[in-house]
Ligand code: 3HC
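Okay, so here's just one chain, in structure tokens, the form predicted on its own.
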């Protein structure tokens, strides 16, 4: 039960926030805290107030659910609490032990003094939800540390350890031991108010306040355009400008108005959808509760790009690993990759030499499979061939201890067929990492027909330990992400066959918010990969022309050969920047003419619709087939794994926001024009007919 504990020490009223799990400052809890503040104010025996938090945390900030709730005149919010503290005649201090984020830090900034333990972290991450700090943060922080530093602090939305926060000037003291006792002693020694609101605004040391227009103008130029994900950033800059140019009361009013505008904006709604979708990921309807196994040591089969990346990921999580590969050249290259990555982090100041050495030594390279006798999980990352993978798993099943989990990093192949060669199908699953595995945050957990609840529980726990966002997929060709991307790439290829330049198609995708277009993505993953998959599954990877075959014959395999759909030059963007190649455009035109594909004009709106709605329609099939549990799971896969712009919320959220009737009509138009592959999925047809959404459908499914 949420409550504010009250305890008096040496004339100081200690208020302890207790609203598990993160002491969220919800509307209801803010009403409790306001009553406690008012009671302290009216009690003449109370000389000062210290606010702290229970549950090993100060406060995670506002309850995000409240952002979708319209407050009534009777509703109390954190702003009411801060107004009461601001108006109080008594000094206030906070004793932070754990996180003070968002509204929790804004509460701290309203108080006069801030003390924290070394493990504490502070931050204003509202920008990640398409919002700005709406409880005085944009007005108080610039007065405390300067507008320039405050902008950087808030625009990044990252958290800072207590010592760093003290260096910045956000925290007054970092104390070991009992921080509450330290705060009580501190405020007794400093029994005077020191409200930040009374401080004069400033920009930065050596920069006069009349330079504010220039600083603000530069800040606006450094963030994305409003329509490209920068809507909240521009509003935040406007709020900080108000802190420098307006009296405090007027600045607070401006902040509140800008906050309300953002709360009602489409980008913030999309980002909040991603926030909530991420918290639903581990909820699997019908899955029995199970105690996860402990993963103390891991094995990786294959020292290629993926295998070495997975090994680095384990090392960074503090889990030693054994990498098995008999190819001497591959092992030597992997060692260079591993130590190169850790030394790069040393150069960036993220690791010490000693830490880098320790991480590197936690990875053992060998060709001896017997070194896997004590590992708790083995992840196979070898060539994408079912026969090869089955040989590997048959061998692993004989060598690994009975409790060891066996996992494949396959991006498309049948998990159950691999599991069939083992005597432990209950301990078999897919763990599909994305390249580069040590950087990309997504992990697809693929559930076979016999995968046990304990194995899945262990996989989710492991994903968390590896700092991955884990999404469950059923066992189906391509799982969630790659099954959809085949339709996306197919739509792009079809438009290229119809005479649209590859650079223009990629440009439309990038203008929408993708970091790269479909052809540059194909070059990055390797055209030979698509060719190989197409040979195995022509029903999924289909084309009207033989362009991919021709490119493979020409050894144009993508970035790795410095030529694919585009050409590459090491002098241009370190060899990663796609350069349009007339030879490939001519190849598409020649192949299209040979196949009888007519050239015609396509506007940018159609280019975008054919790309995005291809994803949406396939996503609808995956929901209906049960490959994906929820529309939000699909959106997470595409935001975290494929660069779908988060401020648009993912393909399924995009479709809901646009309106499924309109999406259905557009797909039906494409079906008439381009063929039955564009016919709307039955689920999409039904939802459009009944006026429902993917989000509502999956919510019903998840709670069935």
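Numbering follows the first chain given and starts at 1. Predicted model, so just to flag it, every value in this text is computed and none were measured.
Unshown form predicted together with 3-hydroxybutanoyl-coenzyme A; subsequent notes refer to it.
Participant: I'd like to know if residue 64 sits close to 3-hydroxybutanoyl-coenzyme A in the predicted complex, meaning any non-hydrogen atom pair within 4.5 angstroms.
Facilitator: It does: once 3-hydroxybutanoyl-coenzyme A is placed as it appears in the predicted complex, residue 64 has a heavy atom within 4.5 Å of it.
Participant: With heavy atoms only and a cut-off of 4.5 Å, decide whether residue 633 touches 3-hydroxybutanoyl-coenzyme A in the predicted complex.
Facilitator: So residue 633 does not count as contacting 3-hydroxybutanoyl-coenzyme A.
Participant: Is residue 221 close enough to touch 3-hydroxybutanoyl-coenzyme A in the predicted complex, meaning at least one heavy atom pair within 4.5 Å?
Facilitator: Close contact is absent here: in the predicted complex, residue 221 is far from 3-hydroxybutanoyl-coenzyme A, nothing within 4.5 Å, heavy atoms only.
Participant: Even though 3-hydroxybutanoyl-coenzyme A is not shown here, does residue 259 get within 4.5 Å of it in the predicted complex, heavy atoms only?
Facilitator: Because a heavy atom of residue 259 falls inside 4.5 Å of 3-hydroxybutanoyl-coenzyme A in the predicted complex, the answer is yes.
Participant: Among 642-650, 656-664, 55-63, 42-50, which stretch has residues with heavy atoms no more than 4.5 Å from 3-hydroxybutanoyl-coenzyme A in the predicted complex?
Facilitator: Only one stretch passes the 4.5 Å heavy-atom test: 55-63.
Participant: Which pick from 117, 438, 99, 148 sits with a heavy atom within 4.5 Å of 3-hydroxybutanoyl-coenzyme A in the predicted complex?
Facilitator: Contact residue from the list: 99.
Participant: Pick from 444, 106, 487, 506: which residue has any heavy atom within 4.5 angstroms of 3-hydroxybutanoyl-coenzyme A in the predicted complex?
Facilitator: The residue from 444, 106, 487, 506 that makes the contact is 106.
Participant: Heavy atom within 4.5 Å of 3-hydroxybutanoyl-coenzyme A in the predicted complex: which residues of 11-28 qualify?
Facilitator: Heavy-atom contacts to 3-hydroxybutanoyl-coenzyme A in the predicted complex: 21, 22, 24.
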